[in-house]
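One chain comes next, on its own, written as structure tokens: the form predicted alone.
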Amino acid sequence: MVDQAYVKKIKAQLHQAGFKLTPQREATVVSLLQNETGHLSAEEVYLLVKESTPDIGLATVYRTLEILTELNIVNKVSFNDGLIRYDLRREGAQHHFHHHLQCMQCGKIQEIHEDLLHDVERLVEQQYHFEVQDHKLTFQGLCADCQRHNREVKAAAAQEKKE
């Protein structure tokens, strides 16, 4: 279910910046809201939007995502897989408010919704006289499913050796 109040706030942000919430932009925003944890690439957003708005073009989705990024409605995120992905910025967040866990085996991405770096930001600002405006953190490792799978494969291989 799409949070219409949030869509209205985004519409107000666009209007304040001199943009309209066109049907194509609204379809893009709705697709992002419906897939909030999906970390979608522009192409994936395009395919989702095309389901409800068949006449939309990929260039329109790219332009919309760029506008939403400029207005800090979405964040661009890169997970070293060559794709730029888009993440909705949580309402009221002063900066990229959540962090990610990226499985290096299966590629699954999980979110951590706590701001784990608040104290680090303050330390950086005090010790280095640097005004932190944003930060991003991605932990890379193995998810629970891949760890379990690897243990099972290892156990099966050890069992075969015994036989």
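Just so you know, these numbers come straight off a predicted model, no measurement behind them. When you see a residue number, it is the position in the sequence shown, counting from 1.
The discussion below concerns the form predicted in complex with a further copy of the same chain, not included here.
Checking 36-44, 50-58, 23-31, 109-117 against a further copy of the same chain in the predicted bound form, the stretch whose residues place heavy atoms within 4.5 Å of it is 109-117.
Contact annotation: residue 126 falls outside 4.5 Å of a further copy of the same chain in the predicted bound form, judged by heavy atom distances. Although the partner is absent from this view, residue 17 stays clear of a further copy of the same chain in the predicted bound form, with no non-hydrogen atom inside 4.5 angstroms. None of the heavy atoms of residue 67 is located within 4.5 Å of a further copy of the same chain in the predicted bound form. Proximity of residue 62 to a further copy of the same chain in the predicted bound form falls outside the 4.5 Å heavy atom cutoff. Along 120-140, these residues reach a heavy atom to within 4.5 Å of a further copy of the same chain in the predicted bound form: 120, 121, 123, 124, 127, 128, 129, 130, 131, 132, 133, 134, 135, 136, 137, 138, 139, 140.
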